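Only one chain comes next, encoded as structure tokens, the form predicted alone.
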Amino acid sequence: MTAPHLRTTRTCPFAPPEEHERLRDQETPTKVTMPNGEQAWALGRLDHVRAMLSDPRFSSNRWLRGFPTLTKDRPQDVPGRHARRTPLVMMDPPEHGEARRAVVGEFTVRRMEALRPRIQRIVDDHIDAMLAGPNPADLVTALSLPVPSLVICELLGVPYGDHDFFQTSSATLLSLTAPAEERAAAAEALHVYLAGLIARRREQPGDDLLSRQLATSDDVEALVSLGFLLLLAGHETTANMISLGVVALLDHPDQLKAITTDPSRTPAAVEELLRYFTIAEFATSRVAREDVELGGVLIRAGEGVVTLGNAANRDPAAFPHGAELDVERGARHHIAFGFGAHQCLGQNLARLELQIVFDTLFRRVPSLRLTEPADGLPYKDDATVYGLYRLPVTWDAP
């Protein structure tokens, strides 16, 4: 029997493809055909996804044969990738635990809260600039992208003047349509850039994450790999969540009113928006290292498992009426940041940035509104991280 092809394009910008929800509602995992023609097991139920992500018999190493990919090529076939150190997100136990413990202290709630004044100043400065500029404006270029880019640059010690380079490289790496050679070249350029930056930090340490890591480690390749991961994941995901969150709240004025009248609800609203969009929904895919029975099927060693994260985050068994946006839901148990040992290292920083941006933007610009219908905006259906290419907004002059 031919397995159906996995669809990744959303017909509604606020919902996963209907096929994903049908796959989730089946009792057992089902095989699907990935874009490169290989088959993988699709997991859409939240309990199945959590069980898989807690099971060390599943590997996150994308270079292993059988690992499901959304591109037409296979990760292990991308030129040059084998020459690099295995990044943190692709390590399995026990290597992963040791590497993660070395940096997890950099992302505690307490350390992130210490960044709050600086993030607030960055957000205020960019809203000032937007209000002083042309009206309408593109919120992506005015706020969504520069705020997390500046924050991650300061955290890592990356000169912000280089942001065009790493933003362009990141976009190429996350594209589903860019040829494998272009993605490999972008990865190589980022590695070379970070190696040079780390060499400079070794000579002239600063008050930043890379300098602190250099004080305790001589493993430059490991630091390049860590910087690569944080630079790539630290701005693109948060930038897209800012844009999507603004669209969703403007499109649901009752939900927006709930947080503008009582900002103490914003942290819960952020969790709900993270659940509602699940922008990196396939990032928690895995490949079985040995035969595993899961959800009533036998997944054999070497077979891939693709997670339908957005469908799982709307699983009615865990989130009643999950297709609805409800900022008072209490959605903290979502899997937008993954689950298990590989849960997102930077989630505390992302939460803080989103809370500050939403509170500040809607407080300072209460008349903010879209200039185009939400369902007609350019959404990133061709990237591994969902988001918006452009977000035109306007506001009343003071």
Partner chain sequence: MTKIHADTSRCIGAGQCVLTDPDAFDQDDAAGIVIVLRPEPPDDAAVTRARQAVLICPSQALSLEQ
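Here, rigid core means the biggest group of C-alpha atoms that superpose within 1.5 Å across both forms. Positions refer to the first chain, counted from 1. Remember, predicted model here, so these are calculated numbers, not experimental data.
The same protein has a further form, the form predicted together with the partner chain, not shown here; the description that follows concerns it.
For R101, a non-hydrogen atom is located within 4.5 Å of the partner chain in the predicted bound form, even though that partner is not displayed. Using a 4.5 angstroms threshold between heavy atoms, F58 stays clear of the partner chain in the predicted bound form.
Among residues of the shown chain, P179 is not one whose heavy atoms approach the partner chain to within 4.5 Å in the predicted bound form. When contacts are judged by a 4.5 Å heavy atom cut-off, Q39 does not count as touching the partner chain in the predicted bound form.
Of the candidate stretches 343-351, 22-30, 64-72, 364-372, only 343-351 has residues with heavy atoms within 4.5 Å of the partner chain in the predicted bound form. The single contact residue among G296, P205, P134, G105, judged by any heavy atom lying within 4.5 Å of the partner chain in the predicted bound form, is G105. Only one of A317, A215, V109, V192 lies close to the partner chain in the predicted bound form, with a heavy atom inside 4.5 Å, and it is V109.
Along 325-339, these residues reach a heavy atom to within 4.5 Å of the partner chain in the predicted bound form: R332, H333, F339.
Core-superposed comparison between this form and the one not shown: the C-alpha position of R212 differs by no less than 2 Å.
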